[in-house]
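Starting off, we have a lone chain in the form predicted alone, written out as structure tokens.
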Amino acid sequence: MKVLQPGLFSSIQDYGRFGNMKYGVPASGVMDRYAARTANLMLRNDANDAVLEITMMGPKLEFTAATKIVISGAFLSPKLNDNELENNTVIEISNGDILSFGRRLSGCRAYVAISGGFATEEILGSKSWYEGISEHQKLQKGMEIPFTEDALSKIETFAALKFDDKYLRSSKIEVYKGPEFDFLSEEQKSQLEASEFSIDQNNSRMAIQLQEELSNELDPIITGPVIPGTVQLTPSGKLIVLMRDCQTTGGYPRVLQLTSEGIRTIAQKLTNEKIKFLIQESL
């Protein structure tokens, strides 16, 4: 698959690296596992097969062999040879077909799964791209992305999975209380639960910062482990939601922890969109 135009930020991701955080290696992986899994399963792929994650503005791609694809997650007005496509349907691809994207209509991140999966290099048990670990960080013009041409791609499939896209429009972010939540005052806890927060322009695969501040009189903690979905409270009162490419340790109080549903929901939000935390009881 040739990259004719790279788009804003697109990268190859699977579920990420596990067991390497003790060495300081981020987990990485798809920001929205639900959408990536849906696309893979519709093609009879493994749920963890590598997919192309597209942020807001999609690339223009030329296929170099016949295959099948599924697009899921955000709706970025995809087209095949200028013919409009739907998300969450199996699309037959011929050698030389051109896949492109247009106006964003919902969500922030779309996923392209391909029959048999992308055959990019696996490092530390994952094909996820991350600067300093993999050769590439994002798509570049002229790049060629290999994919597996397996027998299943030649089998007629009429896969139909229900894709519940309500989370793409939801402002509710499911969270658990973080390790330092109980150190907050009752007023701060109420503010966390009752307030709306806005997505800051400082948002990426590493972290999403929120615009509104929370008063903070907590002392910094001894550096401790953090994972994707950890919400840190900085000394200035900023809330930072760590995402898939986050560091592995941090010294700010961890006041909340997003659930997997919370991570996929906030991953589909744009700058200035409002969110509200919905605290769940721990299991």
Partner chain sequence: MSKELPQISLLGDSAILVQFDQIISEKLLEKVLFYKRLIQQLYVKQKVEVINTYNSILINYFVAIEDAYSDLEAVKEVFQHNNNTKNIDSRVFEIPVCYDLDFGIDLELIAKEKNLEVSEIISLHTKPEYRVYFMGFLPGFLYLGGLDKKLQISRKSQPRMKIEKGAVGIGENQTGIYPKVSPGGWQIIGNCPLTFFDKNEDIPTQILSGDCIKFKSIDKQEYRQIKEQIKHGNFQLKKLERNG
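Positions refer to the first chain, counted from 1. Being a predicted model, the structure only gives us computed values, none of them experimental.
We do not show the form predicted together with its partner chain, though everything after this point is about it.
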{"item": "Whether N20, R33 and P225 all lie within 4.5 angstroms of its partner chain in the predicted complex by heavy atom", "value": "yes"}
{"item": "Options 234 to 242, 61 to 69, 247 to 255, 210 to 218; stretch whose heavy atom lies within 4.5 Å of its partner chain in the predicted complex", "value": "247 to 255"}
{"item": "Contact flag, D200 vs its partner chain in the predicted complex, heavy atom cut 4.5 Å", "value": "no"}
{"item": "Non-hydrogen atom contact E149 with its partner chain in the predicted complex at 4.5 angstroms", "value": "no"}
{"item": "S260 within 4.5 Å of its partner chain in the predicted complex, heavy atoms", "value": "yes"}
{"item": "Distance check, F163 to its partner chain in the predicted complex, heavy atom within 4.5 Å", "value": "no"}
{"item": "Residue (of L85, M143, I93, L124) lying close to its partner chain in the predicted complex, criterion heavy atoms within 4.5 Å", "value": "L124"}
{"item": "Residues of stretch 95 to 113 in contact with its partner chain in the predicted complex (4.5 Å, non-hydrogen atom)", "value": "none"}
